[in-house]
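Here you get one chain, nothing else, as structure tokens; it is the form predicted alone.
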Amino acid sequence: MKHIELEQQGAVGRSPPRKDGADKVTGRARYLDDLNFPGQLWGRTVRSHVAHGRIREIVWDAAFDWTDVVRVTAADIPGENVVHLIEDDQPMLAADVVRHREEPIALLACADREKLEEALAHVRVEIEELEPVLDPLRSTVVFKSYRIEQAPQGLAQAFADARVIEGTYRVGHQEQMYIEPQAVAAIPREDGGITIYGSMQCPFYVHRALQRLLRLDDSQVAVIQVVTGGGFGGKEDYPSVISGHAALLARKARRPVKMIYKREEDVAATTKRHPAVMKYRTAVEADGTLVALEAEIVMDGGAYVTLSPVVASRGVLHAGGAYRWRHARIDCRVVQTHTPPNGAFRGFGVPQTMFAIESHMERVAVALGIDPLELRRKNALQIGDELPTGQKLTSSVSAREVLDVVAARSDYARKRKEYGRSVGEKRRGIGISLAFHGAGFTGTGEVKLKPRAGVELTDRGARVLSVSTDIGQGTITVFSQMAADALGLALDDVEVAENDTSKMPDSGPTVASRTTMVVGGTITRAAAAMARILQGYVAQVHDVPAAEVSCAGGIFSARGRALAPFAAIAKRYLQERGSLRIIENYRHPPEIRFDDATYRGDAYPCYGWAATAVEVEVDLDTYEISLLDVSTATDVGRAIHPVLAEGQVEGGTVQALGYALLEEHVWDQRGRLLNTRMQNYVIPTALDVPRMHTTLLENPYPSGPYGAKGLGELPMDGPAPAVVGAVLHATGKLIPEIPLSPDRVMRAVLS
């Protein structure tokens, strides 16, 4: 494997303090709740109390004083009553039919927050209740379906000639549980337009949604992301809903309106990870060689399409795992149920299918009597192998390497042997998993999106221009590092512009492990183009050949002689020429080709690779699982900021361990979510985090900026099946459904 030697004089590859860190730890950072606007009202939502039904009437209590309460229904929408996304099936406000509990029906705003709460109690929505469909396997409404086939002509014969192993795997909803709930403020403008300030991942999603909702042109909408307390996908598409609601109230009131969800409302009403039922059937040879795969995946999309087609797409494309198959047929459909729409969540469909294939590998290992690590190493993808889509892997493949690092770091071989002989009421086990994750949008997504980003010259350095949001992952710092090195500047001389859709280029949404690789790469090219322009200018001013001019540490030099500080050149350039602004379009690698109709070809330009080893102790009296130790190895291509990269791995791993062991939504038979608080929807805390050993591997992606590729989602993919493997090792029972709650463990052990 190739490893990059870090250049100590540059910013890339080092771990300077976060640019936004001081403001956040001192409390200077201003979140939406810290912002107030003259004449501001507060907004609330009137929601459905049934999961499925026909709206008969909205009854406003005549005895209540409504004079200072602004009321909005679907009849007040000046444009299209639709939440703009992939399909136009979701209304901004339900007008005739409701398809899930908590569906928005009407809106209220008032300056007095106590009266606003009282007003909610004086609205009654009469609904004729219809029978809800809550089981995705009973649903007859298919939002989207996919099939991927690899050498299908030999599939039947492969199953006839080899040993067949089958299993069904289930995962449920998962809540993003970001620190800051959904929050926006809408300010009406004199031109009839609207300005939105909000906690969000994708400002241009909101921008386009408001244009359709309010019938506005592009110049009449500005969407500004403020400091955001986490997203994990939950602030990808849902901010279009709450922003639309705040905007409708502000337009009618002609005053600013702020809406901030209470935690219970946020959990009950917003999008979650898609549940899935996944049936796997594999043909394997006696020595552990994987031959053929058949998989049927059913995902629960909830009430409306939202992002389900792309979640299912990414899930089906990863369903074969990081392994070679001679033959494969993978079917996936995502269906409608009468629960709140499911949407984006870190991993975007891959944690579901990776859980299934990796748990199935445990089943195969048991059936063949092979060590699970050796089974994985034997079949792990390598350079030259093909995926089920026909994509040939040509660079930056690290499946075996991450497995080997984790096996050594976790002392896997010794513990596997020692724990396999354990007796008594407390049994220890160790499990391992292998995961991979495509970076960037699927197929031709980046080409269709045409993302743009750039830099502009300031009187002391440069400013990064994009609308890729920092939601806690460190984008502001990483973009600054990349631009600084391309320009030869000190990190402090680079700033990142405010995310404002009326001023910044559309660099695409902050999703899909694309920010560093796609947008960062575009920014780096723009900075390099600016560097060339300034080198030419310096050459002209100092009468030296442009080819000999360079900039390092903020000083232009030529032939070993310092010529001028960057700041001096910048000021002179701006005085003489007014401005320097470079905007670049993303350049898709020309060798990457994908057919969206047949789902054949190169689904992603590159993949990240990760292995996870988890050590557990299972108490056979209480059936509780204790985490003892976790080791990870992750190929990131190049770690632009190693400490932030390690933080992404550790944070994602803990989130995935919560998925594996703790987090479960409970619904009643009428579609009502019963646990909407942090007291009864349990997520990991610092006290739940075991010893963690994090290793970053650098196997550069040739087309990535400085060799970097996507990272943010990959840590979510592998920990859950590693826990399943560890529990299997400890108890002898494979539990194919998460979370591994004590009751599930008990039923498995006693079965």
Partner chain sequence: MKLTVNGVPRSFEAPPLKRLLDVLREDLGLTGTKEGCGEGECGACSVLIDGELVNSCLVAVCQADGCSVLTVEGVARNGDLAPVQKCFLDRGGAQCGICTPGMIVAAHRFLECGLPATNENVREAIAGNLCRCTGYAKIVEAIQLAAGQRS
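Treat the numbers as computed from the prediction; the structure is a model and nothing was measured. Positions refer to the first chain, counted from 1.
The form predicted in complex with the partner chain exists for this protein as well; it is not shown, and the discussion that follows is about that form.
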item: Position in contact with the partner chain when the complex is considered in the predicted complex, options Gly445, Gly198, Pro181, Pro104, heavy atoms within 4.5 Å; value: Pro181
item: Heavy atom within 4.5 Å of the partner chain in the predicted complex - the one residue of Gln336, Gln150, Asn379, Gln648 that qualifies; value: Gln648
item: Triplet Ala29, Arg263 and Gln679 all within 4.5 Å of the partner chain in the predicted complex via a heavy atom; value: yes
item: Exercise: Ala686 in contact with the partner chain in the predicted complex, heavy atom 4.5 Å; value: yes
item: In the predicted complex, Ile58 touching the partner chain (heavy atom, 4.5 Å); value: no
item: Contact test in the predicted complex: Tyr604 vs the partner chain, heavy atoms, 4.5 Å; value: no
item: 4.5 Å heavy atom contact, Phe232 to the partner chain in the predicted complex; value: yes
item: Heavy atom contact within 4.5 Å of the partner chain in the predicted complex, the stretch among 95 to 103, 501 to 509, 468 to 476, 435 to 443; value: 468 to 476
item: Residues within 4.5 Å of the partner chain in the predicted complex, restricted to 111 to 131 and counted by heavy atom; value: Arg113
